[in-house]
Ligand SMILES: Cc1cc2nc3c(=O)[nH]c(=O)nc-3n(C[C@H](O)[C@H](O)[C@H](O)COP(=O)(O)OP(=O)(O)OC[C@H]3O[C@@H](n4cnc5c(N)ncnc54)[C@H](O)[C@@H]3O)c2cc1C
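In the form predicted on its own, a lone chain appears below as structure tokens.
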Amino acid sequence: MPGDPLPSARPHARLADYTTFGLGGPCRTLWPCATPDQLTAALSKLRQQAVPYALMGGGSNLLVDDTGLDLSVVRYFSTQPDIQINGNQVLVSGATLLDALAATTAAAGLDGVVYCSGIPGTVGGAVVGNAGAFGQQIGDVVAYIDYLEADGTRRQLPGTELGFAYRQSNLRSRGGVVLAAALQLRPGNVTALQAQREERLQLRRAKHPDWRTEPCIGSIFRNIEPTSAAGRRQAAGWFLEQAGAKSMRVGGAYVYPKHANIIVRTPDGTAHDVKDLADRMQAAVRAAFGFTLHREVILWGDFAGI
């Protein structure tokens, strides 16, 4: 809401409490922001004080070092969906959960993002990483974004200028944040869309662990792109399974038995266990097939140089 106050910073917050892996040591301060105004105010204060910071959303694509970070972290995340529907266009806050967007649009009879059902994380992170599933990606429906540049400038950027490609956009290198996104959807049948949503949720339940009880993120590696040595794009999990990844384990981290591209952490698992296991999986595919899988997980901490 306009005029939202600057959120209270949480000193020495454990990032393990804000990632689906449940991993990560303390940061200098954590700034929990749920609205664009809170986020804008927090970033303005940090810039004025020349405090180094990193941005995060739902923490579902992060592997954070157990030693923590010597910088502040700004978290743009809300469990309360902020979604406005105007005809076939939907304006959604970047802090809104992706699954909430899928549920709301399906109930409204709007097609275009129901495939996001069950995918953890926020809309802002999904746009930056061009999240997708089942042959679809969010970049296909982005009309424009409300974007806060790293220098504090706020502007609208059309989706056609965001360089959407497989699991990426040019936003990763800009250093700003997606405050909100306008999505151009298409009319659909509510009953059919809700049935499709339930089907997607059932598929995820059958193949993916529940991060609340089996700490994990989504896929560790991107699927193979058609221009790579692997030829036509294929699931990274297939190559990992062929390379023997399903039997791999390092300390308190192991490959999920139902999906070779997912790592699960046990209660005694560490971030370095996960990182070492991912490196071992990557090396196995390289040895077996002659190409290198690219990580989808983002690394924070000493092992990532930040």
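Each residue number is its position in the shown sequence, starting from 1. Quick caveat, the model's predicted, so the values are computed rather than measured.
Although it is not shown, the form predicted in complex with this ligand is what the next lines describe.
Thinking of this ligand in the predicted complex, which stretch from 79 to 87, 153 to 161, 177 to 185, 194 to 202 has heavy atoms inside 4.5 Å of it? That would be stretch 177 to 185.
Select from the listed residues Gly58, Gly269, Pro36, Gly68 the one whose heavy atoms reach within 4.5 Å of this ligand in the predicted complex. For this set of options, the contacting one is Gly58.
Candidate from Ala243, Val250, Ala42, Leu62 lying within 4.5 Å of this ligand in the predicted complex - any heavy atom: Answer to the contact question: Leu62.
Residue contact check: Gly112 to this ligand in the predicted complex, 4.5 Å heavy atom: Gly112 lies outside the contact set for this ligand.
Exercise: Ala126 in contact with this ligand in the predicted complex, heavy atom 4.5 Å: Yes.
Would Ile298 count as touching this ligand in the predicted complex under a 4.5 Å heavy atom rule? Yes, contact at 4.5 Å.
Quick check on Tyr144: any heavy atom within 4.5 Å of this ligand in the predicted complex? Taking the distances in the predicted complex, the answer for Tyr144 is no, it never comes within 4.5 Å of this ligand.
Quick one: in the predicted complex, does every one of Gly121, Arg167 and Ile217 get a heavy atom within 4.5 Å of this ligand? Yes, the whole trio is in contact, each within 4.5 Å by some heavy atom.
Residue by residue through 151 to 166, tell me which have a non-hydrogen atom within 4.5 angstroms of this ligand in the predicted complex. Read in sequence order, no residue approaches this ligand (within 4.5 Å, in the predicted complex).
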